[in-house]
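Two forms, one protein chain; structure tokens for each follow separately as structure 1 and structure 2.
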Structure 1
Amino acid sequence: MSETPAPLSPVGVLGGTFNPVHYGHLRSALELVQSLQLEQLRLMPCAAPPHRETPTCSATHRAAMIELAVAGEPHLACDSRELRRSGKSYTIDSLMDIRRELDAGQSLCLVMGCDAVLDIATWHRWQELLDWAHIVVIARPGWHLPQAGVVAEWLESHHLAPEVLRQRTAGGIVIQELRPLAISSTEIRNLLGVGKSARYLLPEAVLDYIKTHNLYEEEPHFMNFEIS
């Protein structure tokens, strides 16, 4: 009698502008890999965000910086598929594309922050997301998930324990707490825009790339601590 093969480790995908990628992104990504036992977490730069202005820094540059940032870490990777598509970068299209590449029994996890969940009902075909993947919500201090309404009902009806992720390929929502790092891409862009150092906020290789390509030299001179 043959043994039943062990469930495959899930693959995660974390979308965003990554403008630029920094240690807040990278540390959260690695902690997710370890806590959820992911085979890999892919950082997927959004080429043309549907709900915000397209960054002045090109998607090609942003993907190149991710490649530099994750070099040498086998559990993290850059997924640049949205750069190869025209039009707005809709997450549902990327999930369907990735699902076709995975083994039939392998879980796919879409990672998003609490801030994104609050606006999830405005996403293109948002109610189909769970047909293709699980959703892992990063719980950050100061953020609260909705307590009433269609999104609250959606979260409650699909809540899943983390250990069940590998037993189903899609359909559940996991709430995961992570250690926050108060670093933001906006902060980095503004530091660089006024000629100040952003060292130790992001990998040295990424900072060197920014300097080589003269990125973020004329950014607006205001500060906030939104992780983006």
Structure 2
Amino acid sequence: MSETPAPLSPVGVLGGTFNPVHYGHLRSALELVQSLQLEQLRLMPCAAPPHRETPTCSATHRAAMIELAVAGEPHLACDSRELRRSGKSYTIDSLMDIRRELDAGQSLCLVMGCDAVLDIATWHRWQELLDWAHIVVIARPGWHLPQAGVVAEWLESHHLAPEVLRQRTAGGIVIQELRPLAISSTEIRNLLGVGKSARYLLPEAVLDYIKTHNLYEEEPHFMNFEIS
């Protein structure tokens, strides 16, 4: 764990598939910027997720939707570095890469919802993540942190008060309770797939993009019948 004082505002990174980006991501990102006084929070779309199927919606489309969603908000940005790498998109590689670009004394925070923390012990080189960044865990409706086992012990042993974040550049885990918004990309894809509206769950500009590029359209099941 680095003990270098970090007077600069921390940079945050929220990784995910963002298939598509929605207000649950965006509002959490902005609230974190404010509560942790981050210089910036970057939404980083995963090109080839190691633990789930690569989405049929391309990483280029997913990044373009993030760009539209954060346009005009100076504290939020899209970080497309995983689109420029080949092979699986391992978070540890991205953190090492970002760390090289930051000032030596600047804190880096990897942000994740508590659903993502539950399977963190299956992530590539997961115990090295804290060598490069702090981890900020955000509560998410319907999900709870583990109370026992290796991940629970890891959370407990690295727990840090939010005020201490900028005194070290990496190595601590902060738990943040933000405004709960029960929105998921899965739900949005399901709504669009059966021709229902997803309006007010995600930015209008993103919905327009989805419509223009015919994303998430599937034949509703009741259309799949044969006429004899």
Ligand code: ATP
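In this text, all values refer to a predicted model and were calculated from it rather than measured experimentally. Here, rigid core means the biggest group of C-alpha atoms that superpose within 1.5 Å across both forms. FYI, numbering is relative to structure 1, first residue = 1.
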Do you reckon the form predicted in complex with ligand ATP is 1 or 2? 2
Can you give the C-alpha shift of residue 149 between structure 1 and structure 2 in Å, rounded to one decimal, after superposing the rigid core? 2.5
